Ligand code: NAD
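In the form predicted on its own, a lone chain appears below as structure tokens.
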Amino acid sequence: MSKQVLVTGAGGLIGSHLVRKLKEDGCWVRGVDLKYPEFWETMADDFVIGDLRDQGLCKQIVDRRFDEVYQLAADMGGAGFVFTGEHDADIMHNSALINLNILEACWRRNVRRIFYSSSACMYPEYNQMDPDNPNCAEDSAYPAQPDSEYGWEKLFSERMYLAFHRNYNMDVRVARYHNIFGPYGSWKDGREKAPAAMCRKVAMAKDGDEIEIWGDGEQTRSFLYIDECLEGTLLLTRSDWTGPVNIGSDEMVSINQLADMVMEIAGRKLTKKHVEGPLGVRGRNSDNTLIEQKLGWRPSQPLLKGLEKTYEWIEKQVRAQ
């Protein structure tokens, strides 16, 4: 009999790709979100449109003892959404409520295995001030000092999942995602991440135009392509290890370098214009020492390969406007 799987947040970038991957693996999949995937058809066997802040809905969708639950739903977005301060209350309230409801519904149905997608945003700001030498090892999380309310909520929810693991013997798995990107995700709605935003800016520009970069562009990040994110997620979920663990690339680049890579892919020569904007921490990179030790895995695809696929898709969206 095929695995019965629930994916919450199935209308988003990671969730919609995960549903497709699980279907390819022969699973029966129920997806849940406020919306269907915007840019392609869901492959879920059953897709429920609903608000996971509603405890009653969560009880309805967890109507069986699923073999695996992937909790990806959150109120989130890129720097333009998370770091302005304008959405802090919604981010904390909505995401915490979703996690509280899903965990309780799964516990009441005796669902054992549940994956929770935390974020590298929960790491302390004081370890990420140097753009060349950020510290994002898993054991660096405490003393806690995330740079955003989004990060604080992720840290709280991590602890809640781990408490259910200890107290109720649930097979919880916790991953800290580092900037997942790829096609079929947000690219112009204010919630897009840096790779999608950069691809959009380059695709929309004419030769000789300026593209805007927030800050001086020397802030550093790493970006993980969606296919490798799914590989790491499934490996962790089906292992006998709880985590928390980083799932990200350790190919760190500055935002200026990211812009140059996208321009190279597009064959465009554009000028970078540095402007005021929300920035987040000065440097962040995935430390993959622990996941390699525990699961024998690390991402293998160069950033450029993922950017090529993402740019091709976003350029098509721009042309179709």
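Note that the structure is predicted; figures quoted are calculated from it, not measured. In case it trips you up, residue 1 is the first one in the sequence shown, and so on.
Omitted here: the form predicted together with the ligand. The next part is about that form.
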Original post:
K154 near the ligand in the predicted bound form, any heavy atom under 4.5 Å?
Top reply: yes
Subject >> Any non-hydrogen atom of K35 within 4.5 angstroms of the ligand in the predicted bound form >> reply: yes
Original post:
Counting only non-hydrogen atoms and a 4.5 angstroms cut-off, does E158 reach the ligand in the predicted bound form?
Top reply: no
Original post:
Would D75 count as a contact of the ligand in the predicted bound form, using a 4.5 angstroms cut-off between non-hydrogen atoms?
Top reply: yes
**OP:** Spell it out for me: taking the ligand in the predicted bound form, does every residue among G50, S117 and Y150 have a heavy atom no farther than 4.5 Å from it?
**Re:** yes
Original post:
Hey, of 5 to 13, 309 to 317, 296 to 304, 21 to 29, which bit sits against the ligand in the predicted bound form at 4.5 Å between non-hydrogen atoms?
Top reply: 5 to 13
Original post:
From the list C136, V245, C199, I180, which entry has a heavy atom within 4.5 Å of the ligand in the predicted bound form?
Top reply: I180
Original post:
If you check L230, C106, I98, I91 against the ligand in the predicted bound form, which one has a heavy atom within 4.5 Å?
Top reply: I98
Original post:
Who in 181 to 218 is close to the ligand in the predicted bound form, meaning a heavy atom within 4.5 Å?
Top reply: K193
